[in-house]
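Just the one chain here, laid out as structure tokens, in the form predicted on its own.
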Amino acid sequence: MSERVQFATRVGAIAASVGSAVGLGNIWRFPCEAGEHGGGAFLLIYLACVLLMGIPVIVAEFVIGRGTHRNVSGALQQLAPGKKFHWLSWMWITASLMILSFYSAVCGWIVEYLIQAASGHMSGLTLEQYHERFNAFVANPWRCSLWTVLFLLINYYVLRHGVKRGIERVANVMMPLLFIILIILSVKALTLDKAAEGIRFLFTPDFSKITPRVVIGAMGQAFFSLSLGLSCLLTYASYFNNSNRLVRSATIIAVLDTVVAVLAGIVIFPAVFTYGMTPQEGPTLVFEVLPAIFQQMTGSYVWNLLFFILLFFASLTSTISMSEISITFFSEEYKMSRNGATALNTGIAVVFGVLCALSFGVLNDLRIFGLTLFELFDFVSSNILLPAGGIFFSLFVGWYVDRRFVRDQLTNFSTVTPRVHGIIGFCMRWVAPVAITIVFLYGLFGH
């Protein structure tokens, strides 16, 4: 077997992994969750969840990926020979394709709005007019389908160039630019009239607002924000070289992912406090509320354009990592060429991505268990498959995999000594599985 490709640099490996974790959940889900659950109190619990649940599960995925240098199925076959664990790989392939499908429909919206912002057609509208424009757009079958397919073709173009010339090169450009844009938007937000109120809400914890629902919300946000349980990070770790320090890399990724979420809060809360709006969830915030807020600022063209460029970068780096799961699986387990596996992944995503995009218009009446296809893919992947994957990875590495193998990976074969080795192991075996199980049960029965 030929030697497996690796990331060219440690910086590239970190940039790609951060790009995998950073996505739309950081930029619109975190502010919505924080706004709903009391701001500073939510942030405090969220940080604890990242430390006690997020980093250990990242490390678990890294141990499997870097320790075997194989896709998720091949890794489980190597670490559990004679067992049937590798059949679970279809769970991660299914989850990645489902998420890629409905996520790419949203990414198509972002492409539409990026073009609208660049052409100057986002100005001069009221909040109600932004609402009417968005509803009319998502109900238009041709425009939604066109932009979904275009986005997936961009995704395909990057992936067909491979790990070094495609994934790593794009991550090395997009991730620094993403942080620069976020910082520029944050600085602008801090100049707004009621910026102090927004910052106070985000960073001042009101302990009276900490309830079980807030804790569960913070655990869920930490889990989904870091893309845990999907095997994205496992797949990227399989391209790490043996000198990468796994605990340090996992910590850097968790910290940078959290920084993106907090910066998004710094952008959004001063704005919504200043202009008397609320950080409503998901598409309403991104495609209606924020454009209406930017419209009231001096230089609205620039702020709209920067914001949708930011969303495009965040979404593309995420879909690249989601796609890589099935590409490595098909190419290594079924001996397909990389171009063939990439085309297959893109073809599946195009079909189901367009169907998800049409769920807001002509296919809105097509319901399965009362859910549109978009809602079904979102619910099954986010509330069932991802938590199940996170529980499996933490238990598998924490309890099943040979302790010497895990120790060798964490210490780079005794060349480094992670001071938190014992804490990571404890959280992996006990804290993370319990926390993710709570998120899993709440996602199924708590709403």
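If you superpose the two forms and keep the largest set of C-alpha atoms that fall within 1.5 Å, you have the rigid core. Keep in mind the model is a prediction, meaning the values are calculated, not measured. When you see a residue number, it is the position in the sequence shown, counting from 1.
Although not depicted, the form predicted together with 4-fluoro-L-phenylalanine (PFF) is the subject of the following passage.
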{"item": "Option from 25 to 33, 49 to 57, 65 to 73, 395 to 403 whose residues, in the predicted complex, bring a heavy atom within 4.5 Å of 4-fluoro-L-phenylalanine (PFF)", "value": "25 to 33"}
{"item": "Single option in Met175, Cys144, Leu230, Leu290 placed near 4-fluoro-L-phenylalanine (PFF) in the predicted complex, where near means a heavy atom within 4.5 Å", "value": "Leu230"}
{"item": "Selected contact from Ala15, Ala21, Ala435, Ile424, since only one has a non-hydrogen atom within 4.5 angstroms of 4-fluoro-L-phenylalanine (PFF) in the predicted complex", "value": "Ala21"}
{"item": "Triplet Trp109, Tyr130 and Leu285 all within 4.5 Å of 4-fluoro-L-phenylalanine (PFF) in the predicted complex via a heavy atom", "value": "no"}
{"item": "Contact test in the predicted complex: Ala261 vs 4-fluoro-L-phenylalanine (PFF), heavy atoms, 4.5 Å", "value": "no"}
{"item": "Interface membership of Thr148, 4-fluoro-L-phenylalanine (PFF) in the predicted complex, 4.5 Å heavy atom rule", "value": "no"}
{"item": "Heavy atom of Phe377 within 4.5 Å of 4-fluoro-L-phenylalanine (PFF) in the predicted complex", "value": "no"}
{"item": "Trp303 within 4.5 Å of 4-fluoro-L-phenylalanine (PFF) in the predicted complex, heavy atoms", "value": "no"}
{"item": "Sequence-ordered residues of 304 to 320 touching 4-fluoro-L-phenylalanine (PFF) in the predicted complex, heavy atom within 4.5 Å", "value": "Ser318"}
{"item": "Rigid core superposed: Gly220 CA moves 2 Å or more between this form and the one not shown", "value": "yes"}
